[in-house]
Structure formats: C-alpha cells, structure tokens
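This text opens with one protein chain seen in two forms, each one given by itself as structure tokens under the names structure 1 and structure 2.
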Structure 1
C-alpha cells in the first residue's frame, strides 16, 4: 500500500520519457510512430533542422501566420491613415495642381508600415508562442541532452499526455530502435 502512495508522488515529479536516437531518419520514423500511436504532447530535439519534423510530430499550428497577417493589415491601415491625415487634414498642400488625396504617393510609406508591423509581430509572436526566453527546461535534467547540440536526436513524450503510461510508453519508445530511454524529472 505504501509503494502505491509513493508512486503517484514520483509520477507527479516526472516530466516525461526521453528516447535518444542516432540519426534524423530514425527520429522521423519514431515521431511518426508516436503520432500514429495517439501521443499528442511530445517534442523532438535535433542538432540540425530536420525537414518534415513538425508534420511528423503532428504539429499543425498556424497561429503565427494569423498574427502576422492581422498585424500586416493593421500596418497597412495605420500607414494609409497616417498618410491621409498628413496630406489631406493636417498639412494640405496643393503641389503642381495635384489633388490632395493622391494615393499613389502613399504606396511606399504604407508598404513600409505594413512590413514593420508584420515583422515586429512575427518576432514578438514567435517569442510569446514559444515561451521565450526560457532559461530552464526539464529536458536539461537529462545528462545526455547536451549531445542534442552536436550529434544526437531526442524524442520526449510528456507525462501530461492523455495516452502516457510510464510502463507502456517506455516499452513503446524502446521498440522504436532508440539507443536509450530515460525518465526526465521536472
């Protein structure tokens, strides 16, 4: 009875299970297998960009595109409104008999404000959505994880995943041709 009382406490301190792989192809196959097995809360770590890894993990997040589009449209509106205010309302000047509302002259400043708003929203949105800055992450508790920046590939399935079961998930990761499967503490 006492071992069962300690087990939930130990699992509450568990962030997840991390499997180590030798190459990107094995990592991709492992990610696809984990996605197909129904795991949702997982992440992969690699020393180099791996094409298709997001799709293999089942990540289909388009929030940053929507943020950038909305900010770009806001930048267009702000730039056009600013140019209209300056040339028609605040400082109207009749230069060469041209109309006060000569929109072709607005194109360069409006383009620049569109790019400015979109670029800043992409930077800020990326930082916020990725949870940056993040000086600490539980995967750093794995002593082998420092190899993720040189020549090792890792897949971590989080304990918060609805399908996560310590024993079954460990067997599943071991069956994916992993070099090692370790528990990652919070």
Structure 2
C-alpha cells in the first residue's frame, strides 16, 4: 500500500531500493543473492541480531576489538602513571613502613582504570563506527520501516552502488521472495 503512496523518485534524489521480508531466513538468502550478484553498497535491517548476516553481507569489521584493546592499555598506563606520580613523585609519604613504590597497592586502582577506559571506548567506539547518533536517515522515509524494530526484515540496495539500476534492481529484489519493494528518498 505504501509503495503507491510514494511517487517514483528522481534518480538524483533516490537513496535506494528497499525490499521487505517476512523472516530472517528469507532476508539472509536475499543478502547472499545480492552479494553474489555483485552489489556492494547495501545494508540489511532486522529487529534482532541475525546469526550469519554479517558474513552474508561481507561485513568483516574488527576495529572495535582493537579500539577497546588500545583504550584498555591506555587506561593501564594512565592509572599506573597516576599511582606512581602520587606515591613516588608528588606526595612521597611513608605509610606503615611501606616502600614509596608500593606496586601491590597499585594493582586494584590500575585494574579499575583499565576497565573504565576500555568500557567507555566500547560505547564510544560502537557509536562512532555505527555513525550514531544519527537522528535522520533515509531508510526512515519508508513508512513500513517502523516495523523493522518489531518483526519485519528489510534489505536496502543503495543508489550509489555502481551496479544499481532502478528497473533491474527492482526486478532483482522482487525475485527474492520479498513482500514488496519500495523506493526510498534521500
């Protein structure tokens, strides 16, 4: 019903073509077919993480692990330097006959700074890599898309893809057991 509500877009104002699916399995098969057909600029949308979808779309992003590892090591360094600076350099004080460089006492706070830095980097890294926050995105222009957070599954092939062709791509998507194919404006 909604595809009729939308007038076909001029190609310049077109974000992409979006197909709707009933379940995760059909979506997965569609993604694999699109990948095999050579499409690169596309994304799938699902209300839950679908096991194997990343592989089907050829997503292989391991940057977040590296970000968190680096941030964790930074946290260790910062925590250790802070402890060393406080106890040895800035405020050298004899406490209970313990040496100034009391490394056993550093272990708990340095561990905490490590975890703190790493955890914050996981949140920030996730947001940055996903481009969040992003209040507006063209896919929201499909009125059916609000069901993407309940029980509908979508595949959007973007107009920027070199292989994108309004007519052929629409035919291609329609052939994938999709419910309907909608043009999405930018």
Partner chain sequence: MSSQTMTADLSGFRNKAFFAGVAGTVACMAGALSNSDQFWRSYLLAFIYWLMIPVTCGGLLMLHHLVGGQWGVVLRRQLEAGTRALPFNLILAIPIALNLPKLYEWANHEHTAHDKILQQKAFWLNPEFFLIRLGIYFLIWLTLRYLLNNWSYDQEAGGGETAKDKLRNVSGPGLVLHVLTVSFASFDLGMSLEPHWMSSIYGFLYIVGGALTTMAFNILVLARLSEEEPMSHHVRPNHFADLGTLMFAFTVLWAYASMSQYLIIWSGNLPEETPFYVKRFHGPWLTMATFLMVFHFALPFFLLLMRFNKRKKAIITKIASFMMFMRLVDLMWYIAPAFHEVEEAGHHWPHWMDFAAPVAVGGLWVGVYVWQLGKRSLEPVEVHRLAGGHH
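Think of the rigid core as the biggest set of C-alphas that the two forms share within 1.5 Å after superposition. Nothing here was measured: the structure is a model prediction, and the numbers come from that model. Residue numbers count along the first chain shown, from 1.
Peer 1: So which is it, 1 or 2, that shows the form predicted alone?
Peer 2: Between the two, the form predicted alone is shown as structure 1, not structure 2.
Peer 1: Is there a C-alpha shift of 2 Å or more at residue 91 between structure 1 and structure 2 once the rigid core is superposed?
Peer 2: Indeed, residue 91 is displaced by 2 Å or more.
Peer 1: Rigid core fitted, then: does residue 73 show a CA shift of 2 angstroms or greater between structure 1 and structure 2?
Peer 2: Shift at residue 73: below 2 Å after core fit.
Peer 1: Keeping the rigid core fixed, work out how far the Cα of residue 100 travels between structure 1 and structure 2, to one decimal in Å.
Peer 2: Taking the core as reference, the C-alpha of residue 100 is shifted 2.6 Å.
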